[in-house]
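One chain comes next, on its own, written as structure tokens: the form predicted alone.
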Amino acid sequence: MSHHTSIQPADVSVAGLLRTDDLQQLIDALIAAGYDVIGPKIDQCAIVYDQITSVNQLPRGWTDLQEPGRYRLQQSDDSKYFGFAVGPHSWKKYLFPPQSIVSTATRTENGWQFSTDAPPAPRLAFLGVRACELAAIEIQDRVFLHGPWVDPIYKSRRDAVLIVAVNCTSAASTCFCSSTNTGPRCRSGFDLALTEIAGGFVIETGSESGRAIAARLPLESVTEHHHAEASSARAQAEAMMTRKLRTDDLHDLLLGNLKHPHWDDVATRCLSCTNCTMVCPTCFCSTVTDVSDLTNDHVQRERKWDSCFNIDFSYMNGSPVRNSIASRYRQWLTHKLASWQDQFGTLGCVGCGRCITWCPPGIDLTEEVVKLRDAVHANSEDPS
């Protein structure tokens, strides 16, 4: 049974086939509609998200080889534009910026004037959003939009975004989205979705905005052969996925064993470096500080990304609550996979595998869950 709930697509339909040579026309149509296009490109030997204006900036013919604690690019045997998984960036940085100004206060002759007006949000078109990332955006929507308080910065940015998703046709060794039921098929949450096949892209629309963009493109009819090829390409990604995460018992397993010695074992390897939370597309921990200018006449309240792995993050009443690496790793994993379910009705993990790839010592949360489960079961069966 899935721990993820999705808004069911109200009107997802196949729009047509866009030939590979016409992909630039999609980018041009997005720009003509007033969007800055953010898509994948190669920078510093990784596939990252940045502004693009040409298909020549896409990582065509490149794929990513990922293992615990290891990432590298390699030229592939084909000329696919999207023949890779995910890199160190997530779309979170555009919707929930690493640093933002929450409010300002300025001293005037009439006293302090306060403002919480956010700057206008940029109109962005995300090109290349994967199924796991759609699920991650949905999770952050639940946190920032659908709770008792709406975050105005997130809302303004989210409302200005158009999403062009891409179905995965390959998977990295660290991917496990099939276990969290968040991929590799894009089913909802997009305006347009592409499936890359030989010679072109099968395009689906999921909104009026998506249909308006599709209407600008030189689309051809999709044949049964195209449908079969797209279906086979998507199935290939799932077949490549070897990493699994059993989810049915996670809540009670983790919260019922908070004092288990396995946490100390993980702590001997964990650097508490925050890499896993920085690359995670769902983590939303932040800290707020007031920053004044030299005259003390202007103060900005700034929000920055933070991490539960930082010792000061749990600072209360004169000391940190979690002053050991074991307690901080336990907090991260139990929140992500257990108490997140209590808060939001879903796992906080979408199976993208970034935390595994970008962990310097290569700690794999799927393996740590198995080790904990096996240790708990072994103790329960020990007659002594």
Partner chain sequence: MAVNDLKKRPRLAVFKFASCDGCQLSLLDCEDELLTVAGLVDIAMFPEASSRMEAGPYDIALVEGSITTPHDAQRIQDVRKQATTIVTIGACATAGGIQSLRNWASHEDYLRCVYAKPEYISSLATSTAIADHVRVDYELRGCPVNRHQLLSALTDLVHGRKPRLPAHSVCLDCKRRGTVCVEVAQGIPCLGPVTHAGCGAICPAFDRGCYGCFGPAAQCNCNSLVTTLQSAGTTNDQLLPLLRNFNGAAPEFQAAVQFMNEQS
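Numbering follows the first chain given and starts at 1. Only a predicted model underlies this, so the values are computations on that prediction, with no experimental measurement involved.
In what follows, reference is made to the form predicted together with its partner chain, a form of this protein that is not presented.
Contact with its partner chain in the model of the complex, judged by any heavy atom within 4.5 Å, is made by just one of 107, 146, 227, 244: 107. Here is the short version: of 233, 273, 214, 101, the single residue with a heavy atom within 4.5 Å of its partner chain in the model of the complex is 273. Taken together, the three residues 287, 295 and 306 all lie with some non-hydrogen atom within 4.5 angstroms of its partner chain in the model of the complex.
For the chain shown alone, residue 312 is a contact residue for its partner chain in the model of the complex, at least one non-hydrogen atom being within 4.5 angstroms. Using a 4.5 angstroms threshold between heavy atoms, residue 291 counts as touching its partner chain in the model of the complex. The closest non-hydrogen atom of residue 51 lies beyond 4.5 Å of its partner chain in the model of the complex. In the model of the complex, no heavy atom of residue 29 sits within 4.5 Å of its partner chain.
Only one of 56-64, 317-325, 31-39, 345-353 places residue heavy atoms within 4.5 angstroms of its partner chain in the model of the complex, namely 317-325. Residues in 135-150 all lack a heavy atom within 4.5 Å of its partner chain in the model of the complex.
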